[in-house]
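What follows is one chain in structure tokens, specifically the form predicted alone.
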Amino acid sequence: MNDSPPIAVPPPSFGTLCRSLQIELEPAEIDRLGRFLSLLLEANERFNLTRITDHESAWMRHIGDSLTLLPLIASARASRVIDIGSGGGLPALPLAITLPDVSFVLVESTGKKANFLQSTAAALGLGNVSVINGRAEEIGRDRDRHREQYDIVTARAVGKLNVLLELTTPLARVGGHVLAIKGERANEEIAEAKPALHALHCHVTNTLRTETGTIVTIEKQRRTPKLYPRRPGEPKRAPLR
């Protein structure tokens, strides 16, 4: 990655969003966020990572949307975060840039995307990031390394909540949280996910509407039953009802 693309410069609207979130970024962090965005958009020309390619929109809908989770992770004093379905690295890589003392594990099942995440984290010098090329259903059953090991589990654009809960809550420790970035239909998804919330021993503690989406916060109340997560693909084929 010696021939790096030009660093993307944030638009004024990004600064306005950060101030509304009470986030103060150092110049070096903004520079690194810009480098990440440039690498993302460059890689997107080779394989599909995002449909948003306009720089101003990408700063807001990718970087800004990811950073809406920053105050919640910081206030929880989390030390270990795992991101499910990381894709192009959102929200995990912007969060790892701005929270260097927090350990981030990025889970991505598609090999090309996992390789992009690995090379990009290395190019940005993110020593607090590790990448797993695998399925959340399999990782959630790994009791030695991952099951119920994380303070916070994050997910963005990874399917409806009644499916997402089975992929994420097994990874959270008891008392830990899932932070899901959803859209305008978040309340509908929450209502539909009531059976999943009950079966997985968790509950929604808050919904927060931001300029770019809706953050749904789920708290894990008790240990996840051994049955969950089910085999790869089954949560999506047959959501808990």
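For every residue, the number given is its place in the sequence shown, counted from 1. Keep in mind that this is a model prediction, so the values were computed, not measured.
In what follows, reference is made to the form predicted in complex with S-adenosylmethionine (SAM), a form of this protein that is not presented.
**Student:** Mind telling me which stretch in 73-81, 155-163, 142-150, 95-103 gets its heavy atoms within 4.5 Å of S-adenosylmethionine (SAM) in the model of the complex?
**Tutor:** Result of the contact check: 155-163.
**Student:** Classify Asn115 as contacting or not contacting S-adenosylmethionine (SAM) in the model of the complex by the rule of any non-hydrogen atom within 4.5 angstroms, answering yes or no.
**Tutor:** No, Asn115 sits far enough from S-adenosylmethionine (SAM) in the model of the complex that none of its heavy atoms falls within 4.5 Å.
**Student:** If you check in the model of the complex, is Ser119 within 4.5 Å of S-adenosylmethionine (SAM), heavy atoms only?
**Tutor:** Contact check for Ser119: no, nothing within 4.5 Å of S-adenosylmethionine (SAM) in the model of the complex.
**Student:** Check whether Thr169 has any heavy atom within 4.5 Å of a heavy atom of S-adenosylmethionine (SAM) in the model of the complex, and answer yes or no.
**Tutor:** Result no; Thr169 lies far from S-adenosylmethionine (SAM) in the model of the complex.
**Student:** Should Leu90 be counted as a contact of S-adenosylmethionine (SAM) in the model of the complex, where contact means heavy atoms within 4.5 Å?
**Tutor:** Taking the distances in the model of the complex, the answer for Leu90 is yes, it comes within 4.5 Å of S-adenosylmethionine (SAM).
**Student:** Would S-adenosylmethionine (SAM) in the model of the complex be within 4.5 angstroms of a non-hydrogen atom of every residue among Gly85, Val107 and Gly134?
**Tutor:** Yes, the whole trio is in contact, each within 4.5 Å by some heavy atom.
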